[in-house]
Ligand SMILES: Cc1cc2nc3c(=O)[nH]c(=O)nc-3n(C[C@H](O)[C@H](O)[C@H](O)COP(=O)(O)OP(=O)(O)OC[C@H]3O[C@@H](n4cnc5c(N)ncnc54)[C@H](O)[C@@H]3O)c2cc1C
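Below sits a lone chain in structure tokens, taken as the form predicted alone.
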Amino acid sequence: MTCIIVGGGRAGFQAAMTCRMLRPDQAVTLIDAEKETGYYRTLLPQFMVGALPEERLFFPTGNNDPLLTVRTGVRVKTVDCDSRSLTLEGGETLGYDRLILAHGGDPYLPGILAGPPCHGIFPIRDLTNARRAKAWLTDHRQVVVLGGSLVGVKTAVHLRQAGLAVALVVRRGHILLRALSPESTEVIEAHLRGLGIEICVNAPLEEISASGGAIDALKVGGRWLSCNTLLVATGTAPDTSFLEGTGLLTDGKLIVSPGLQTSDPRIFAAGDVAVISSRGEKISPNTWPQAVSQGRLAAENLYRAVPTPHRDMTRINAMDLHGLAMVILGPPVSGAEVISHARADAFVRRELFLVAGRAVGGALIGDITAAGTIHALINSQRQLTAREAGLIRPRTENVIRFPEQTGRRAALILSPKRSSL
């Protein structure tokens, strides 16, 4: 029996490792379109500015495994569910007993970037482009980061800390539009401006100026910004084209059950490409923690008569923005009750979104105390008690903030004792 996994990102790699651990006698083949597989995309900004050597990007894999075959630099062309086989570009056909689709997505690029080739423009998505960007940034240090997602914000912070001039451009609304409320975003934006990052909001990309074949400015929201590097972090689009005609797609989307099983019981999906149908909703929580947990669960469920459902549908994510800790617990919900506490002088805001007394999301900025407990309460899907709702109050009196030193991150140490509610 052979298991094939399509995609070598976090979800696919986690699935491969879990398969080998659970079924040591079963061969696994991992197929990835990239030249390298098994690395931390989240660390690419640090790599691009030289703060992290390339060898530290890769997941530890241990000894060579004779039953794990990794095929890189090749794309899947078609899948035939009836014959349980897939065909690679080049014509090679591989049979499978079980298949996990975890191939993520390709970077989304605004249409204006489809024009004539222009040096100095790089999507922030893969190691190949990160290497090119790293080499280019050595002599081109006036950077525009296009896109206010977590990737864009994190990239802007690391580039600025490396001494580059950075402008962060957001097409509409505010940074982290799909993750944070406007009030929470104000805290983050104030912190970024304090680091020296220029923030341009409601600024769609309108025009690009080039000189000598390389970018020298771009027009956003009616305003020209000088730059010699453009890093694009405007999201990804799952590639499902090779699944057309298989019966696996619904309106072009790869819909899976809560157990990550597709309409074919021998095929599962995980990560950015999977859209989970649960409780009447279609959910695609595209975060790094979700990629890990989904990859693991898809592998565990491969041979279960009744797949175990994925129980954590939250979009929790955590980040340290050069001294400002942040935990995203879930995006704002229209019509939800909001419990919030803020200390503007300390860059602290904590908020929780409630629907019918149940916590459905929130954010902890500058003080991430009780993040794990609050996340568990969100997953419990029960009404909160008054004491539990009180966890959202700031605990900054129990936080010791060490003076920041040049080239080092600020450290926060939490007291083992909490103040009374």
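None of the values given here were measured: they were computed from a predicted structure. Quick note: we count residues from 1 along the sequence shown, nothing fancier.
FYI, the form predicted together with the ligand isn't displayed, but the following is about it.
**All of 12, 75 and 287 with a heavy atom within 4.5 Å of the ligand in the predicted complex** = Per the other structure, all of 12, 75 and 287 touch the ligand.
**Asked** Heavy atom within 4.5 Å of the ligand in the predicted complex: which of 98, 349, 310, 154?
**Response** Exactly one residue meets the criterion: 154.
**Item:** Answer option from 28, 368, 377, 33, heavy atom within 4.5 Å of the ligand in the predicted complex
**Value:** Going through each option in turn, the one that passes is 33.
**Which of 196-204, 271-279, 220-228, 332-340 lines the interface with the ligand in the predicted complex (heavy atom within 4.5 Å)** = Heavy-atom contact with the partner occurs in 271-279.
**Message:** Can you tell me if residue 104 lies within 4.5 angstroms of the ligand in the predicted complex, counting non-hydrogen atoms only?
**Reply:** Flag for residue 104 set to yes.
**Asked** Wondering, does residue 362 line up within 4.5 Å of the ligand in the predicted complex on heavy atoms?
**Response** No, residue 362 is distant from the partner.
**Message:** Would you classify residue 317 as touching the ligand in the predicted complex, given a 4.5 Å non-hydrogen atom cut-off?
**Reply:** Although the ligand is absent here, residue 317 would touch it in the predicted complex, with heavy atoms inside 4.5 Å.
**Item:** Partner contact for residue 242 in the predicted complex: the ligand, 4.5 angstroms, heavy atom
**Value:** Because a heavy atom of residue 242 falls inside 4.5 Å of the ligand in the predicted complex, the answer is yes.
**Request:** Would you give me the residues of 182-220 that have any heavy atom within 4.5 Å of the ligand in the predicted complex, in order from first to last?
**Result:** Counting only heavy atoms within 4.5 Å of the ligand in the predicted complex, no residue of 182-220 makes contact.
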